[in-house]
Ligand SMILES: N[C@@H](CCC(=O)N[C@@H](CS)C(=O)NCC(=O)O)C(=O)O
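First, one chain by itself: the form predicted alone, in C-alpha cells.
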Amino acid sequence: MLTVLGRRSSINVQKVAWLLAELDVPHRHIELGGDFGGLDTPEFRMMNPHGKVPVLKDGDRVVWESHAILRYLAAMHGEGRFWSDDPAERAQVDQWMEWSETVLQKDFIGGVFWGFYRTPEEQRDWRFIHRSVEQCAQHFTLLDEMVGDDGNLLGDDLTLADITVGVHLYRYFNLDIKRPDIPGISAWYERLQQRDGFREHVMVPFDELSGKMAF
C-alpha cells in the first residue's frame, strides 16, 4: 500500500492527499513534521535528505517533492485522466504547475502566509506583506480569466494544474487580508468545495501555524 508522510496542515502534503482522493487510491498517511517531529531521524533522511515533507513510499520506491509526487501518481494511477500521453497536453498542465510553485506559492505562502500569519505580529514587515497581498490579488485576477464561469483552469476536467493552484484558495479566503472582488475565483472556490477530496484534505484548520516561524 502507498504511504504518504507529512503533517496534514502542510499545503504541499494537501496537494498529494487531494489527488489521492480524486484517484481513489488506497493509502495510509503518517503525520510527520511540526509537532509530530520525525524529520531529522536517520530513517527519514534516508528517504529525503532534505528533511522535508511530503514523501511518498510505494513499496521500495520513494518519491519526494510534491509536484514530482503528483506527476508520479497521475502517471501510475490516473489512466490518462490527470497526466496525458500527449506531450502537448502535458505541457499545458505543466506550465501552470510550475507557475503555481514559482510565482503564486512564492507570493502567497512565502509572502502573505508566512509574512503575515506565521510571523508574530511584532516581527511583521508590513511593507513586504502589503506588497505580497497586492501581488496575489494580481495573480488571482489573472486566474479569473482562465477559469471562466463554470470550468477549471484548462476546461471542464480537473487537472494537476487545478490541484496545485486551487489548494491555495482555502487559506486565501480565510485569512484576514484585503481581497479584491474576483467573481470567477470565488465561484471556482465554491465549486472546489463540492469535491470530497478538497473538503477533506484542503479545508484543514491551520490555527497551529499562527505565529510560528519554525514548525
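Don't overthink the numbering: it's just position in the shown sequence, from 1. Note that this is a predicted model, so its numbers are computed, not measured.
Keep in mind that the form predicted in complex with the named molecule is missing from the display, and what follows is about it.
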The one residue among Val147, Leu169, Leu160, Val53 placing a heavy atom within 4.5 Å of the named molecule in the model of the complex is Val53
Please tell me whether any heavy atom belonging to Ile177 falls inside 4.5 Å of a heavy atom of the named molecule, as the geometry stands in the model of the complex.
no
My question is simply whether Glu101 lines the interface with the named molecule in the model of the complex - judged by any non-hydrogen atom within 4.5 Å.
yes
Is Glu65 a contact residue for the named molecule in the model of the complex, using a 4.5 Å heavy atom cut-off?
yes
Using heavy atoms and a 4.5 Å limit, would one call Leu39 a contact residue for the named molecule in the model of the complex?
yes
147-155, 183-191, 161-169, 26-34: which one contacts the named molecule in the model of the complex at 4.5 Å, heavy atom to heavy atom?
26-34
Within 4.5 Å of the named molecule in the model of the complex: residues from 200-215 (heavy atom criterion):
Phe215
